[in-house]
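Given as structure tokens, the chain that follows is alone and in the form predicted alone.
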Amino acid sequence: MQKVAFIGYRGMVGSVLTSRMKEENDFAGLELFFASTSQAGEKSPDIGMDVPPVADAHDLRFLSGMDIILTCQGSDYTNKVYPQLRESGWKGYWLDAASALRMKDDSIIVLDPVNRNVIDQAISKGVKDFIGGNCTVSLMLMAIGTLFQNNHVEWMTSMTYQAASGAGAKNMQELVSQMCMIGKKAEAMLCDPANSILELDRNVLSTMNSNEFETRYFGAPLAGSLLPWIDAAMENGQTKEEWKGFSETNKILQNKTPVPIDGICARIGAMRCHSQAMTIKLTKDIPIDDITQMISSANEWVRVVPNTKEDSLKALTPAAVTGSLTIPVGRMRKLNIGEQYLTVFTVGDQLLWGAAEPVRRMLKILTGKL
């Protein structure tokens, strides 16, 4: 029985992962330990089986006794503990939802419905570090990865509309706080139909720009607005979030000739689920019916949504997808600029396929359950 330590189980991604593992009975057959940077000695979470008290996630002696370490603790923890553990001689498997090790030469970014062959080859070669990918990249590849795998993509732009949860739990709380303040300040005007819509608009704008409007975590109003910048600046004018589209996609697929990918990442006022509008230059003219068949048969979670208003509003929104593993793909059509230009819109729950699910499934692969 393999010894597995689960670190960072209390955070947002860790909580979703724990819930999924409990639902799927993934804990069965494991000698499981929970570890924490702040809760050592406390009772482990209820997962339907006996588990020892929470261990200290900084205890190298404890960690070195594990066959597999699965962490959702974040990059700061990884950067501190991982090198010490490897330098001590530990040879176990490190599974990580954070970004710290993604682009290391000896790590694999995991998304098994798309790159299971890459994962299997890496395991056979003795690779020990398997890392979850960027949320929008993983969701994009779950949606249209088959086009890349069949060498049908010459280049692509992805304009992302990313939810508050991508920035963290405190950001989600701040978004709701902003929504509440806007609503409270405008409540009297909404109750009086005689009020001018322009007065209502001025009221909302005044609230958003007031000193009392909470922007501690986002740095600017998100409710009633959007933020056209995510992550740190790169020297070439991209943000790091935009850079990941190119770098991580090509690493996941192990492309010998990288496919050019670029775009703009924006934060919107959704709680969960990242959406993406993609423009794809195909390597050749492929009929829409063939593309539809290719995408719909790529994996069991993708769903092609007919390009109608009714279907799009019903199935292609964050509200429709939150909490689901389904990856809807819609608004699919050829662009007026040419038959080799395809546009696609997709949405997915970034706390599931964008974060928890790939590392959950990687654990199942390493324990022989998948």
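Everything numeric in this text was worked out from a predicted model, so none of it was measured. Counting begins at 1, following the sequence as shown.
The form predicted in complex with a small molecule is left out here; the points below concern that form.
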item	value
Whether S275, P318 and G330 all lie within 4.5 angstroms of the small molecule in the model of the complex by heavy atom	no
Candidate stretches 74 to 82, 148 to 156, 106 to 114, 189 to 197, one within 4.5 Å of the small molecule in the model of the complex by heavy atom	74 to 82
Heavy atom of M21 within 4.5 Å of the small molecule in the model of the complex	no
G166: touches the small molecule in the model of the complex, heavy atom cutoff 4.5 angstroms	yes
Non-hydrogen atom contact L17 with the small molecule in the model of the complex at 4.5 angstroms	no
Contact of S44 with the small molecule in the model of the complex (heavy atom, 4.5 Å)	no
